[in-house]
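One chain follows as structure tokens, the form predicted on its own.
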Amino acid sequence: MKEAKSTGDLRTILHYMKGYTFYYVVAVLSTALSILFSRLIPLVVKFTIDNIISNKNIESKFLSSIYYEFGGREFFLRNLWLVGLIVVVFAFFNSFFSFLREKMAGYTSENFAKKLRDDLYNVILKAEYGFYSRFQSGDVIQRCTSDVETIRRFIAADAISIWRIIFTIFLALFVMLKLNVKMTLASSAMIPALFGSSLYFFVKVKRYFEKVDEAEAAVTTVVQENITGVRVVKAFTREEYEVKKFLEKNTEYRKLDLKLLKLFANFWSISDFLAFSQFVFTIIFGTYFTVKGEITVGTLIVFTTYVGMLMWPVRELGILLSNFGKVKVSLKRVNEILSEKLENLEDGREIKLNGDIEFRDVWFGYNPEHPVLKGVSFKISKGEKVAFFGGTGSGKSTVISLLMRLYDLDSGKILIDGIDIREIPKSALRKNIGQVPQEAFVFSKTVRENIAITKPDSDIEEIILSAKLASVHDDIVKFERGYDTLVGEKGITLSGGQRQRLTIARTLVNDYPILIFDDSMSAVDTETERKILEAIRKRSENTTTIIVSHRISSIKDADKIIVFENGVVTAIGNHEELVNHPGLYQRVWRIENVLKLTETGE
């Protein structure tokens, strides 16, 4: 079985960054150079104060040679604008490399996100059918949008910030130690406490991220369900109930989010106190060492500047660690989608089936311990019109799912034209079976495009013919723009009957050797249903037609009726045979007749 591309945890990031690693390396190097030039500016100020204004000796032989090559102190006093120019140049390069860092990191992260979303969408459409029963649609949307965006932001900003923190700390400590060891110790005394508080914050906050993510997904699911089912909500005046349900989910989300905000507030207040304390210590000890003559005024300025530059990255470390925890949660959720098995649909063989179908002692259960089908056996000959009849949960729709290989059976055999369907590629199998499902789903496209979905190259004559067969043509021509009328989302601009007939026309535009109507005419009146089935039979007598229905009036003209009860075939025959045979079919027929007589008042 083909599987989606998936790797574990952070390896997912490396996998999807392939092809863009160079740009990310440039972003990291630009970060280092940006920090270098920004940290050089305080050293230029120190040099100006100590060596040009105060005329102290230059300790570095390299700088001393350059200094006197230009003319020494007298030259720089007359041309102090050169110092300003050097600062401007360093500031320019700092800005340039900051721009390059953002551009390269942004380019990498956007391409990463695109590749990841492409693969997620590929999985969503090609996953095995069981996937859709395990994941709620709102949760899937959340994983493909919010979770992907969390990971993208980490790559674009947080991961680069980690490098920035590393470069800043090492460069700052290196320069500070070179200038004065005692002052370095005084200027970094609070760093261990600040680092410890960051780690503590990370441990406390990471367990909340998954809860918040799941709560947000629950809110998304409620919104998605109510937008999709707005007709049902309004039809049963469930607005207040659904609003209350949303408020409950949203309140839980807010409650968890507030806990996160409280943790963030605690962390920022503590880290602010530690950072301010460190700055005070630096001023006190720096002033003391300056008065004693152990450091210069310029050195004090460097230390006070570097402390500000040093404390912010260490404080930021706590936020980055918390974001890292959130990213791990998002990666886990995304990987759950990516690790789903995909249906193997890619097969170049084109197979044309005739339509002879046979089930031989078929057993199947969604849960192996609770079989839904128990030894089901029957035969359908090419061109027959066969009906599946039975109560809810009797196994009718499961038979259809197995026939189309949405699931694979547990034991037994399903044959089409004498071939085990497990030997027929799924794509080839489904190209030979036209199914009109229970839910009449239409896309937000024109009527013409909706009908042509199963056969994109069909011309207008074929589209009109299929619409006539589905008894929907007369309705379509009454629309303002006819076949070019745009259908609203999920066909909201159409009536229930029009939607069902449109989905029937969509199936009929293609010449399938096997047609399945899975209780798909419930919104169509009996007379229209009869016309549709008669028109289909006249078009092609060789088409095998399967009708799943709860209405005996819809199936009594079938060549063969197969009765299902609790996953077992209890009777097979035509209408006359089953009406005269004690069993479920006979009982339902009598009930329908009684209801009919009651309605007519006879």
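These figures come from a predicted structure and were not determined experimentally. Note that residue numbering begins at 1 and tracks the sequence as displayed.
Keep in mind that the form predicted together with a small molecule is missing from the display, and what follows is about it.
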{"property": "Heavy atom within 4.5 Å of the small molecule in the predicted bound form - the one residue of Gly298, Gly286, Gly395, Gly355 that qualifies", "result": "Gly395"}
{"property": "Joint contact, Val372, Gly391 and Gln438 to the small molecule in the predicted bound form, by non-hydrogen atom at 4.5 Å", "result": "yes"}
{"property": "Touches the small molecule in the predicted bound form: Thr237 (any heavy atom, 4.5 Å)", "result": "no"}
{"property": "Non-hydrogen atom contact Phe279 with the small molecule in the predicted bound form at 4.5 angstroms", "result": "no"}
{"property": "4.5 Å heavy atom contact, Phe135 and the small molecule in the predicted bound form", "result": "no"}
{"property": "Touches the small molecule in the predicted bound form: Tyr407 (any heavy atom, 4.5 Å)", "result": "yes"}
{"property": "Among 408-416, 113-121, 395-403, 421-429, the region lying within 4.5 Å of the small molecule in the predicted bound form by heavy atom distance", "result": "395-403"}
